[in-house]
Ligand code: BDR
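In the form predicted alone, a lone chain appears below as structure tokens.
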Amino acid sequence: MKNSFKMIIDTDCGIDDAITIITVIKYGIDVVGITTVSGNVNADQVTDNVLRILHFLKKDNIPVFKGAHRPYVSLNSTPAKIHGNNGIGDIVLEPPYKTYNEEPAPYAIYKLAKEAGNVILLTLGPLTNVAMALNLYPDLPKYISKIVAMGGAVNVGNVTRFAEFNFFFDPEAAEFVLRHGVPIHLVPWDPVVATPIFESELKETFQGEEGDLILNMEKSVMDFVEKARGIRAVFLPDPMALATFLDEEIIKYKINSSLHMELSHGSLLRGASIIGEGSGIDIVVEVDKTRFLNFFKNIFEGGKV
């Protein structure tokens, strides 16, 4: 598809978030701002990660806005543990020239979307900032043409048997966003876990200076997956959300449905995603792995998409 749109990225910047941000920049999408949220690591560390990655990419001009430190309701939040202590595989990038902007992330989402007039909101972490923005600024949906999100699980989760990390971390926020009527392109955990990317495939796909960074960041994840599953591979949830939005031919099967969150406290089902009888959310169920990898290979080899 043509890059006639502007994009806001909302991220809890772990390794797969970083890969997605790098891909967005290399693809040439006009990123009007990046907002940060606690998830993979705390919001302060996430913000630092984003600023360092943008500096690495020579994109210090993209404004960054710090967002929510905690979920909507729960006071306790447990970060993901497979991304290293700093969220990007304990890789230390050069510090940036600039810091984040003072405006809070929910306001920045509204302001940037209103200025752009027809923005794509790419959400790579818990939806706390997005829910707050929709709550504070009821006209915000007029300025968002689509939310592209990674989150939820149809049949299998990665935090519990039923729940995926992004939506599990703040299910109330996810439910609020899912109910708000903005068109959503959603990649849940199911097609991600069905598409392991082996170390050899990773090395073949991601080339150049940025590719070397990605390979170094992913070492901690490969070590974790190897211990847990017996295979030296990674999964690319956030990159899959981006790629399937930009190239629909990667999608082998999707459904259009509604999605609801289980919010019962103390329940083993809390944070689970439940397919409803409505419509409005395009849920990717299966992807073509070869097309998926070729999408990134073309970008990181310098070819045109």
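Each residue number is its position in the shown sequence, starting from 1. Fair warning: this is a prediction, and the values are worked out from it, not measured in the lab.
FYI, the form predicted together with ligand BDR isn't displayed, but the following is about it.
- Exactly one listed residue, out of 174, 214, 124, 133, brings a non-hydrogen atom to within 4.5 Å of ligand BDR in the predicted complex: 124.
- With the partner omitted here, the residue from 244, 273, 49, 40 that has a non-hydrogen atom within 4.5 angstroms of ligand BDR in the predicted complex is 40.
- Of the heavy atoms in residue 101, none are within 4.5 Å of ligand BDR in the predicted complex.
- Ligand BDR in the predicted complex comes within 4.5 Å of a heavy atom belonging to residue 158.
- In the predicted complex, at least one heavy atom of residue 237 sits within 4.5 Å of ligand BDR.
- When contacts are judged by a 4.5 Å heavy atom cut-off, residue 218 does not count as touching ligand BDR in the predicted complex.
- The stretch that touches ligand BDR in the predicted complex, counting heavy atoms within 4.5 Å, is 161-169, out of 138-146, 161-169, 197-205, 178-186.
- Contact residues in stretch 8-23 (any heavy atom within 4.5 Å of ligand BDR, taken in the predicted complex) are 12, 16, 17.
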